[in-house]
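Only one chain comes next, encoded as structure tokens, the form predicted alone.
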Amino acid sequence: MTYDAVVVGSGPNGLAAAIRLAQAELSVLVLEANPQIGGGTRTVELTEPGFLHDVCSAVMPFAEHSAAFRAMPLREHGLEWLYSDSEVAHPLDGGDARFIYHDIAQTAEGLGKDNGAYSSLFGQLVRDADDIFKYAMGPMLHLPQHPLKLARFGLVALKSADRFAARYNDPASQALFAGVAAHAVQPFSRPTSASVGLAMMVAAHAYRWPVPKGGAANVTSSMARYLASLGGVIETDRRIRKASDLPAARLKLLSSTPTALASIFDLPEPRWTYGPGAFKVDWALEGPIPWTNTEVGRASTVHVGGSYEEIAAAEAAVHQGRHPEKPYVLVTQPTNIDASRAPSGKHVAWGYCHVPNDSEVDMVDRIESQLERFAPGFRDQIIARHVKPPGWYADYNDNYVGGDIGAGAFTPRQMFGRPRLSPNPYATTIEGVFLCGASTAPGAGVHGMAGWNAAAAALRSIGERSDA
């Protein structure tokens, strides 16, 4: 059978692209290199039977309310979102902690003398959130519908994390921001390094940070079921290494990096750089993580690293090619709100830190020591662990070069030009061929918007409308 469109990759972006094309009544074939669909949203028994671990993403701040997901009836196809009591917890030495709650006032109340500054800034940004994200979830080079609202956000987001943190007087408030800012995998001294943290905090207050019930795989499995209802077809074990491996089609969308695209189509090497790698440990646990501050156990996401200065130093070290002794560790503990992920009374959790790209240094002890610092007795809870260094991720997904799970460094150049500065960064030099993965705007994360936007560009190229 000949299809109107072929999509390479069955992660959220590839499936979002396929769904938008199918909604426009095109026949669509999705090709997946692996035996299972999902890309970075797979859930697997990595340690022991009955313990369901998310291979990559687990908590999804930008998913539920992205334009792509809102245009899909995924709840009808089995997707259910769960929410923790607090969106983020940040433990501090001595049993203290700070939290980001859905409610701005509740969050600000815990920030003491920074209450007013926090409430003022985020109160306005949350009121503007829908318009901010409508712009930010597309190519950077396009005219905003609400320039004043975007300017308010941009004046803060374009700052370095160091400059943004200076607005707060309490070191604990600064530490809370550091934990979120470190998601950008940038040195805190770099301009724009405040942007990702700021956006994630706005999303926490405006939309929450949900967890898919049963694991990340339920996001893409529900998308696959919806695609099938539209007539779309998915074939697994179909790796594309060269252009001749692709079936004939009017449109070809690849959830690939620019370097992979160049290899497949024998194009000149693109100007594209990769960021630090991820070193991740998945744990099967006898019980919940024994945080000194028990309220930390009520959050699905925990940022472990201590003070602002400690986290900034750890992230700077990674960008200098070094391995911090006390790394910043991003921890998720989904079984605190989803008991279906482990046998009765047991738990799963994971933690990962940033390391230099393609690092071979074992970070397990350093990661677990950081958890012991804020949760004494953590190691006593471990039944089994599964270790994923950067090389594991590079083998797992061709887009994760050197373990960079963002498919390209989030530098200022690659934030505004992802993968190039253009109103249509999804188009390539080859007619009918488009990029639709995390290397394109708006970048990494489970939201489907790179694929959704690429599909819209592809439809425009053949004179088809896509009003969804």
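As the structure is a prediction and not an experimental result, all values here were calculated from the model. Residue numbers here begin at 1 and follow the sequence given.
Here the subject shifts to the form predicted in complex with a small molecule, a form of this protein not shown in this document.
- Highlighted residues Met60, Ser255 and Trp350: every one comes within 4.5 Å of the small molecule in the model of the complex, counting any heavy atom.
- When you look in the model of the complex, the only residue of Asp358, Asp114, Asp398, Glu372 with a non-hydrogen atom within 4.5 Å of the small molecule is Asp398.
- Between the options Leu52, Leu26, Leu31, Met415, the residue in contact with the small molecule in the model of the complex by a heavy atom within 4.5 angstroms is Leu31.
- With the small molecule left out of view, the stretch that reaches within 4.5 Å of it through heavy atoms in the model of the complex is, among 71-79, 320-328, 389-397, 145-153, 389-397.
- For Val88, no non-hydrogen atom is located within 4.5 Å of the small molecule in the model of the complex, even though that partner is not displayed.
- The small molecule is not shown here, but in the model of the complex it comes within 4.5 Å of a heavy atom of Arg239.
- Put simply, Gly40 is close to the small molecule in the model of the complex: some heavy atom of it is within 4.5 Å.
- At a distance threshold of 4.5 angstroms between non-hydrogen atoms, Asn453 is out of contact with the small molecule in the model of the complex.
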